[in-house]
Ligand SMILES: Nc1nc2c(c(=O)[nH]1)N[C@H]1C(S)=C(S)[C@@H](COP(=O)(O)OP(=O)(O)OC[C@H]3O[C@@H](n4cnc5c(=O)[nH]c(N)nc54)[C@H](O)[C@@H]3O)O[C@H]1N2
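Next up: a single chain in structure tokens, the form predicted on its own.
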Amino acid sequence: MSVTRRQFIKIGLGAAGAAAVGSGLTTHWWGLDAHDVPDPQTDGDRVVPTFCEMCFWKCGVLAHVKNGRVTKLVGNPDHPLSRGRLCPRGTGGIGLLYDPDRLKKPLVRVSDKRGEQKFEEVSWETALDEVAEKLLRIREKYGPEALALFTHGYGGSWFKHLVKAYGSNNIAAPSYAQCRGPREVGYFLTFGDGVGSPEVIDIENARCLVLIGSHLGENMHNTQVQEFADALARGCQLVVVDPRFSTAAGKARYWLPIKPGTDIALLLAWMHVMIREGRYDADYIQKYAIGFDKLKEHVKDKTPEWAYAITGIRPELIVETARFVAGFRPASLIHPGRRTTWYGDDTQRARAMAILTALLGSWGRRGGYLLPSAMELPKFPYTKYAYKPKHKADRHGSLYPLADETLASGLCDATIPGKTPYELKAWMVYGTNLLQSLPNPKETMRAIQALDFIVSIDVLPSEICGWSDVVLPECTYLERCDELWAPAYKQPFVAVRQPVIEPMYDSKPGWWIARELALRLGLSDYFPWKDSEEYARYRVKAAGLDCEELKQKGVILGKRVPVCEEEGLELRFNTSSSKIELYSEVLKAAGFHPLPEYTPPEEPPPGMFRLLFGRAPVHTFGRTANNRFLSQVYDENEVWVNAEALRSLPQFADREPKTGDRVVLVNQDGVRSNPVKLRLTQRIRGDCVYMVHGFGHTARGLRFARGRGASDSKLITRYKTDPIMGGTGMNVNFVRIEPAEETA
């Protein structure tokens, strides 16, 4: 099988830009006047390098500008993450920049009740004075820890600094407890390091890639998709474990349509086969790992026959795939996934994946997991934070002892009176729509109503803005400068985000908003620079780098050092034993099982399906559903349902449902979705349904996205909390399906 990078991205709906251009950027389509419409065929009279924020991969971008307007976005060939190419979302940055629904001026709530979405436009001076006055009052009355910051996006660094200077360390990103947290903790417990972002994986050199519920190609992380396509073209073999026949599954040697919630059982059975048959890397385990004998005993009875009764995967297929995956070690890569909060036992599932990685000998090996380095950028000489905050409010007592970041859901709980011993009184929300990113939206609304004050900083008028007291319009990433970025990566680099054009309307960059608030809060010593460029120049010069070269190229590459054992890297593990810990004494001491244990998930009630959700390659969560450019390709979600399973239901006995029909999903708590298109298919198991996350918006200001598709977030009224690190397992909700007309 051979597939080029271009072919694969096209398969993943990567032709979004071309499709939109081909349709014509009409004035009606954009909702703009004719002179406001950019010409996508124009190269521009200047090109400005920056990095993207359409998702949080941060690819290098070259922005073409003509007559003061951005006409085209392409990948920066010098940037290690974009390598000259952008994903569909990256090309859609123009759609965000020229979105007619953008926040244009500061807003202050005028209604008596939050959530009624009634605001008046005010000046920046009025809005900032209002925010500062409320925050000063909160600090005086309750102490600085009564303020929480929720943040998602690279521009949030300015507000993290502001809130720490104010005196609170209640700072959380929903991307931890609602997304990547379990894998970080699971891998850290095993290897002494997390997976990071970008993930430290070597898809480029993998000979076998295993995707366990990971929708690579639909979750469009640019670099990984390029490497994926290249690897497949070179003959890399693919194994996909997923209840749904995903885009990636269509290119797999093996697709295992596993019963949802039983992945740990399959992983344990794979370990059983590899250990029983001696197909693991014995030399690697002997040299680097401890606890193998205990692992061997633990999986002794986890036979393929045992797993078959749980997973629905035939024993002979479990044996065959275990041998297949082991046959390519150490370049056999178990992909760690991204959104890993599924069933509440997610840290243990991540542990099982990490242990399997160790058995394959692929940690620190080419084609497996790399151990990269980052370029050092000296910090700006800030004033030391004067206030020493109390404990964080996201958890109390012995709850979630191994969480290494603040839990956004925990801060929400701490806001509801009587729910925890600690009550928050004010929220600052930067770039994250909490009503879609946190489970159980009603609980989030309940928390918001209990607040004394809430302020949102955003580009678009999302739902959380409608629940705020003050809304501050930030300009887009194409109009601002943010922190320098120097991640740990196989090719070290430092990248700069710089303004491509001046801010439109009365929007402002985040650094300016944070600094102006600091001045009003008496915290000017913590923002001793006049602007973000002065701040960035100091750090670049202190690192011995050329500021003008960075501005001109957008990125400076560092010295590449060995990142795997084959390149001469000596493997070291930051665990207490300095070894790979197959058996975790840390977990045992905390009262948890030191080895992964399978726990059966709750079964769907009769006539109901387990609700699963994921991504579309042209959209980022709910952030881009209002983007007219990207929506030319995918403008609303649909619900995947097994055709035979649906037709067997009594409510469809007297009708012939077909793809495109509208249905309503009703969850186990009686919550109903908007009508959503039906996709009848054989590409999904009969016990679950699937939909793309981020649609069904209700915010009045999102004139394009409002009412399109259905919100999976609305249906996620239950979640199961991971007792190890506090992640919210959200694949525990069930829905029944009704014809849409029955709800009229």
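Remember, predicted model here, so these are calculated numbers, not experimental data. Residue numbers here begin at 1 and follow the sequence given.
Beyond the structure shown, there is the form predicted together with the ligand, which is absent from this document and is the topic of what follows.
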Segment that reaches the ligand in the predicted complex - one of 649-657, 172-180, 124-132, 662-670, heavy atoms within 4.5 Å: 172-180
Taking 4.5 angstroms as the cut-off for heavy atoms, does Ala206 touch the ligand in the predicted complex? no
Taking 4.5 angstroms as the cut-off for heavy atoms, does Pro243 touch the ligand in the predicted complex? yes
Going by a heavy atom distance of 4.5 Å, is Val459 a contact of the ligand in the predicted complex? yes
Applying a 4.5 Å heavy atom distance criterion, does Gly194 contact the ligand in the predicted complex? no
Taking a heavy atom within 4.5 Å as contact, would all three of Gly410, Tyr634 and Arg706 count as contacting the ligand in the predicted complex? no
In the predicted complex, the one of Asp101, Glu184, Glu145, Glu218 near the ligand [non-hydrogen atom within 4.5 angstroms]: Glu218
Pick from Leu612, Ala403, Leu295, Leu371: which residue has any heavy atom within 4.5 angstroms of the ligand in the predicted complex? Leu612
Within 4.5 Å of the ligand in the predicted complex: residues from 417-437 (heavy atom criterion): Tyr430, Gly431, Thr432, Asn433, Gln436, Ser437
